[in-house]
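Next up: just one chain, as structure tokens, the form predicted on its own.
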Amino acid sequence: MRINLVGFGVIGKGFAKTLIMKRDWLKARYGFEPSVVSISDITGTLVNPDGIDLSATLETVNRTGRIIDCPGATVMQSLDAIRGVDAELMVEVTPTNVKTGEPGLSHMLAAMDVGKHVVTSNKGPLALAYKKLRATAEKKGVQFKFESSAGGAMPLINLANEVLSGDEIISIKGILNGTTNFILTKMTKEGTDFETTLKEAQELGIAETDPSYDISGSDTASKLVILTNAILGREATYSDVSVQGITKITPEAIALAKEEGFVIKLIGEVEDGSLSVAPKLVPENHPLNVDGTLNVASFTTDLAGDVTIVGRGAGAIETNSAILSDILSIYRSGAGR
């Protein structure tokens, strides 16, 4: 299977590392030999129809920060690479944009238009234009998979749609952002205030330099929309979510909750057709009370009752666990051969 890789930041480089790490295992277990034939970032594109040397490319980009500095790279833009470099599948891992969905939305639609399957971790296009993307994939006869976009390494969509396919999912709720969970966990255990804890999270690399997407609840809301559409068959968009972040949580509020046997967690929830993201009281012994950067999601079902899964919701290698799973699903269906 030939792959166009679009985006070579943390997740894109993680994808390259994952293929290097798993190369022999994939061949031995599945007879699967993926070949990345193009890599695009904002500076240009590296192309090799026979397969790019991923180790050499990682070495160069780790040193310079740019694909254009790799030997043989050109200023070819990503859309031109998607349309012009022969491949069966595109992996789209550019940064999330919840305002316009770009450039990821255009990348996905272009790949589908030329008959390529799409695997992505990019939340923005899915939160804004899921209906259009799904309709385009169906029209063009390609597969569109995005397990890694909501929950990182946690196989939430596959769990609901495959393992629990005989169940009706009544509601979904969970902690879908590791940064906010780290901050709230730290505030709970150490009694620190929000600003101090956020600064520590930034110093540790857990929070971004601009953490607004996480602490405002926007990241959780985007993931909630994706889960709602993919699992419950809705056509929700980001604007359908009531969103409240964690910036107003005080040590006093956390201490008061603790006295009553509760912790405060940022919970994304869809129930009775309503989507919300807000800080909520969670009993200390409840399955949703996980610490640190862990994520957790719970499905309430008609047959199995409550099914809860805990895992890493972010991280380069962890996210690529889900990306690789999606690619293998396409390959094993025979669609990508």
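So that the term is clear: the rigid core is the largest set of C-alpha atoms that superpose within 1.5 Å between two forms. None of these values were measured; they are calculated from a predicted model. The numbering used is simple: start at 1 and walk along the sequence shown.
Although it is not shown, the form predicted in complex with a small molecule is what the next lines describe.
Using a 4.5 angstroms threshold between heavy atoms, Gly178 counts as touching the small molecule in the predicted bound form. In the predicted bound form, the small molecule sits within 4.5 Å of a heavy atom belonging to Ala207.
Proximity of His117 to the small molecule in the predicted bound form falls outside the 4.5 Å heavy atom cutoff. Contact check for Ile327: no non-hydrogen atom falls within 4.5 Å of the small molecule in the predicted bound form.
Using a 4.5 angstroms heavy atom cutoff to the small molecule in the predicted bound form, all of Lys123, Lys223 and Ala314 count as contacting. Checking 213-221, 134-142, 262-270, 155-163 against the small molecule in the predicted bound form, the stretch whose residues place heavy atoms within 4.5 Å of it is 213-221.
Relative to the superposed core, Ala207 shifts its CA atom by 2 Å or more between the shown form and the other one.
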